[in-house]
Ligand code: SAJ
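Okay, so here's just one chain, in structure tokens, the form predicted alone.
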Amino acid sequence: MVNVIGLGYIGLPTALMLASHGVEVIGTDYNKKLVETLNAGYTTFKEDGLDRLFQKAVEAGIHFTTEYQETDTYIVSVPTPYDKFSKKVDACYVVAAVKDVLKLAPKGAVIIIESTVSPGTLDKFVRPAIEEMGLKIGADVHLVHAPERIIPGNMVYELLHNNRTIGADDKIIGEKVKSLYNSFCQGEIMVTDIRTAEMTKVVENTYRAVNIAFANELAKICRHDNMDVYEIIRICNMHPRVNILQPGPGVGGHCISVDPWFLVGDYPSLAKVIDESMKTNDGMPDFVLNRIYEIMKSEGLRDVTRVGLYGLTYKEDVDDIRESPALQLLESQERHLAPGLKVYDPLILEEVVPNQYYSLEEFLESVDMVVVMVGHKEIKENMDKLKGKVVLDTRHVCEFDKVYQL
């Protein structure tokens, strides 16, 4: 049996995937309301294919509880927040979960950490916590790191098809864990050491963050001299060795916007390119806010409360608002003590910010200018409703001529 600890964006899909492929699974989370929702037969967030996977896992016998289980295999997928000032990961939730598990885990149990951590976190925080309990790693307990590599909006598909990395002290244990993930994973699974597994996950997200920062910087350069950054990127990407990503209003989510800071925090004198790239990405919401004011001035619009942000989530067609560029923009505007922008997102049904709307029609009626922050399917299918509005398209999804770009 596998006890999955933490039933959020990563833990729940992992638990469901294992259960639906013949593995006995019990999911544990300290959040009583979340557990009650799952036991009532409902998933706790929206994701393509997740409800079907949930039903299949329930039919296979998955259970959810707030209690840790006595078993030989644990998967820990709890949050790993980071300090925005020191840029260092906070491993307190991981350490707490491991300690709680070890209070009832049998000798020789395997603890698999799926939570994303900075390189060296297991050595600095998890190993000492285990040793302080008088346990010997490699005998009383086996430690493994198997970082998740999935993205909201495509979680179920990527769990099945993405390659994975297993980091373990003992290759035999690593191969045992590999066989567990092979129960569902159709991608290649690499077995390596723990420090390498920690580093590869962070490096993958850092590579993408630096590429996005390059695109964002290009957007600023092209804006300065009135050039079309999208056309330039399109032509450059025709070269077989060039793959520039798209600029945008900022970077959100709990991976690309966070993981690279781990390297900056741990290696401040070495991670110079990463540091500057992250500052570029973090500065994009302010850049968009300045563009809004520039466009308002050129269009003769004076009432900022007649300007609306379309999209609160960090990417299209997901309900995840973690590190959302739109929220960052609103925070920046609040610091400037300016009147509030109106906001609407079809996937956010509870109030998150002031001046939030829950109907596209009512939202559009209330504004003269629309800032497209997220390219949800809804807005792509309703482009005609934007005509007559001043539009700033930060995602390059609008298909009509009269539109402002980054």
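Please read all numbers here as calculations on a predicted model, not as lab measurements. Position 1 is the first residue in the sequence shown; the rest follow in order.
Keep in mind that the form predicted in complex with the ligand is missing from the display, and what follows is about it.
In the model of the complex, the ligand sits beyond 4.5 Å of every heavy atom of Glu198. Remark: Asp317 does not count among the residues lining the ligand in the model of the complex, judged by a heavy atom distance of 4.5 Å or less.
At a distance threshold of 4.5 angstroms between non-hydrogen atoms, Leu245 is in contact with the ligand in the model of the complex. Remark: Val251 counts among the residues lining the ligand in the model of the complex, judged by a heavy atom distance of 4.5 Å or less. The stretch that touches the ligand in the model of the complex, counting heavy atoms within 4.5 Å, is 151 to 159, out of 89 to 97, 129 to 137, 171 to 179, 151 to 159.
The listed set Ile212, Ile111, Val117, Ile194 contains one residue whose heavy atoms approach the ligand in the model of the complex to within 4.5 Å, identified as Ile212. Between the ligand and the residues Arg208, Arg306, Arg223, Arg164, the one pair within 4.5 Å by heavy atoms in the model of the complex involves Arg208.
Scanning 252 to 275 for heavy atoms within 4.5 Å of the ligand in the model of the complex gives Gly252, Cys255, Ile256, Asp259 in sequence order.
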